[in-house]
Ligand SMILES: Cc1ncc(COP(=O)(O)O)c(C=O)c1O
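The chain below stands alone and is given in structure tokens; this is the form predicted alone.
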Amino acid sequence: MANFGSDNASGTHPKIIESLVLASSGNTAAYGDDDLTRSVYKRFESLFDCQVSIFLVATGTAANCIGLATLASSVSGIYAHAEAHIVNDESTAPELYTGGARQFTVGGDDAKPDLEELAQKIDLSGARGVHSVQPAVIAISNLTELGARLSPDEIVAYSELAKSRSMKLFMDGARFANAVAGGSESPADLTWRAGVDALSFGATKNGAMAAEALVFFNPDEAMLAEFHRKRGGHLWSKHRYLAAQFDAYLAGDLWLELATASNASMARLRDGISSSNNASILAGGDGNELFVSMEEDVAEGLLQRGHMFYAWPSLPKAYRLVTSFTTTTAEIDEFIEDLNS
């Protein structure tokens, strides 16, 4: 049966397993002071076509929170869409890592923060000087939490707003690979060239075992990140195992190959659902996430047949379906057949 519950449920790609095995032999320096880690840093600079500061960690929460803590202080504010992962799915970790920075949320179609509402929220929350929260970071996601892809022009608009308020722009890129694979622009076009200051570059959802990279496009702004990583318990002593995953992930554009496969599976799933009378599409489909509306008995019937997916409480009668590089056409076709039965 189809498992559309989460791309976190997918396995680790064999090339990444092989890289981990190779890295496990012999001895090398700890805490990232090794040749493999340094070579991975160079891969990132080649990928983004600029000088960057890279911090490897094992979880997306760590990457997001260390990044936010580096760009925001304990007396500042972080502004994001109400659906944002940092707001809904990371408990109070952002508050913990930043020492108490407050998160403000706005609406917007497809989980893209509404620019006008964002500007109003920033100006209102910081209007009382010392009595107010000091606006520091606008946080966006690409893909968004409702499966939409942000274009470079859309990202530029957020960057211009941030710069006009002396703020930074942070991007949650847990599914950044899917966003890149979903268009023709380069990773640089979707980040620093559009004004992004820092990015959490996800790999775990796209074939890695447990590996995420925090990328700063202005190394001068990254100085505190290594201390936040250490203080938060995310500096691995056997750091080469993080580097080994990224070494294989970036080699030969494996990361794009896997994301392209998961996006193609989503396109097939989306087309099948579009032609069904038992479900309707609410959002997503630009990458590997789709949000559909189904009657409860229809959803329950699919779950009883062994298909896996989750309800999405913020949308009406909504369920989230996620594909991965391991999704097969047989899984998709059987799901559509059962949906229509």
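Residues carry their position along the shown sequence, with the first being 1. Just so we're clear, the structure is a prediction, and the values are computed from it rather than from any experiment.
Below, we refer to the form predicted together with this ligand, which is not included among the displayed structures.
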Check your understanding: Any chance residue 53 has a heavy atom within 4.5 Å of this ligand in the predicted complex?
Key -> no
**Study point:** Contact of residue 284 with this ligand in the predicted complex (heavy atom, 4.5 Å)
**Key:** no
Check your understanding: Is residue 8 close to this ligand in the predicted complex, meaning a heavy atom pair under 4.5 Å apart or at it?
Key -> yes
Exercise for review: Answer for residue 59 alone: is it within 4.5 Å of this ligand in the predicted complex, judged on heavy atom distances?
Suggested key: yes
Point to revise | Candidate stretches 61-69, 290-298, 26-34, 42-50 - the one whose heavy atoms come within 4.5 Å of this ligand in the predicted complex | key: 61-69
Exercise for review: Could you tell me which one of 270, 85, 239, 228 places a heavy atom within 4.5 Å of this ligand in the predicted complex?
Suggested key: 85
**Study point:** Listed residue (169, 190, 174, 111) with a non-hydrogen atom within 4.5 angstroms of this ligand in the predicted complex
**Key:** 174
Review point. What residues, if any, in 203-220 have a non-hydrogen atom within 4.5 angstroms of this ligand in the predicted complex?
Key: 205
